[in-house]
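The structure tokens that follow cover one protein chain in two forms, given apart as structure 1 and structure 2.
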Structure 1
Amino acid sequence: MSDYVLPLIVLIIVFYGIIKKVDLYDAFIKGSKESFKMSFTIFPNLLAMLLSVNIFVNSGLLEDMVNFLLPFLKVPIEVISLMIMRPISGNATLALLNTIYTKYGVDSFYSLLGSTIQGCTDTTLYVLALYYGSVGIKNTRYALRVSLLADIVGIVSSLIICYLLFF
């Protein structure tokens, strides 16, 4: 079903362009050309973000913290790590989700919970750095506060809803 979404969008846009007599090829090239400039602006932002996040994540501080907290919590370490890492790194959480699927089974409660957490929020820090960095904004004011609070709310509601639906 979802395989049809992408081709259908392309089909509708191009077909509508033909009806409206748009110079399709020229329009496509004109729009596409902008991607060079855009990619050049986002590259330093990507590099900066990856550098900082990787140094932090790979230092093992988070893992040690989770291990320390683990006896007080009744959820597996991978799920806790997933919650903490979600706003920071999309790649790291996807790797964690893979681990959870393999370890507990793809249809287990923890996998369903992990899938919900992964799906219901975005990689906040990355999106903010990319979006504000691309237009040269230094002072992001309360953007991070709002987004991180929303992430916490998303994770907590995932927990509650998964308990209600799947447990």
Structure 2
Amino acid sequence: MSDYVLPLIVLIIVFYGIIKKVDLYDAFIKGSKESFKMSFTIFPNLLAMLLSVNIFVNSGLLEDMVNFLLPFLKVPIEVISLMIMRPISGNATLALLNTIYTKYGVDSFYSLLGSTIQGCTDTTLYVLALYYGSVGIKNTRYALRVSLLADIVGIVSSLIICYLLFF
């Protein structure tokens, strides 16, 4: 059934447009032009975010942070890396989570912990850079602090819940 959902949605939109007497081709072209304008608006913010993530990872700061936290947390390096990278990059944390799955198995405590962290946190810096940058908001006020605090609460909650339920 899932193979038919997207074509069904497209057909519903087409029939709705015909009923409302909308020129569908012109509306599609207009929407495509607007998407290109939006892409050019978002691109500098996205480029800056990708550059900063690469600088963070390649500078060795990530390794230093992991080595600092390693004695305090009784979890593997991959999980600590996932905790640190999650507010920065979703794709990087998915790759780290895949490494955890491959190394420890999908039903292991570390995999469950990594999955819980992935679900309890967000890519805060990416979201703020992309969405606030695309609409031109310069003063984020408390958004960064509150979002990072929510990520920390999500990580700590994940640790507590996983240790209580799965360890």
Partner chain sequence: MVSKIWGYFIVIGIVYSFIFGDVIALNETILNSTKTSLELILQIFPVIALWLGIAEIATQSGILSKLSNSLSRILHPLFPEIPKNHISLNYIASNIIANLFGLGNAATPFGLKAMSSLQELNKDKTRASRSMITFTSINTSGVTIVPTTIIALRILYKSNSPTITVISTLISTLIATVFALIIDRLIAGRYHE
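If you superpose the two forms and keep the largest set of C-alpha atoms that fall within 1.5 Å, you have the rigid core. One-based numbering along structure 1's sequence throughout. Everything numeric here is computed off the predicted structure, so don't read it as measured data.
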Checklist entry - Pick one: is 1 or 2 the form predicted alone? => result 2
Checklist outcome for this item: Hinge check, options S115, I137, L69, F36, rigid parts compared between the two structures; hit at F36
Checklist outcome for this item: Against the larger rigid part, the smaller one turns between the two structures through an angle, in degrees, of 18
Checklist entry - So, with the core fitted, how far does L73 move at its Cα between the two structures, in angstrom? => result 3.1
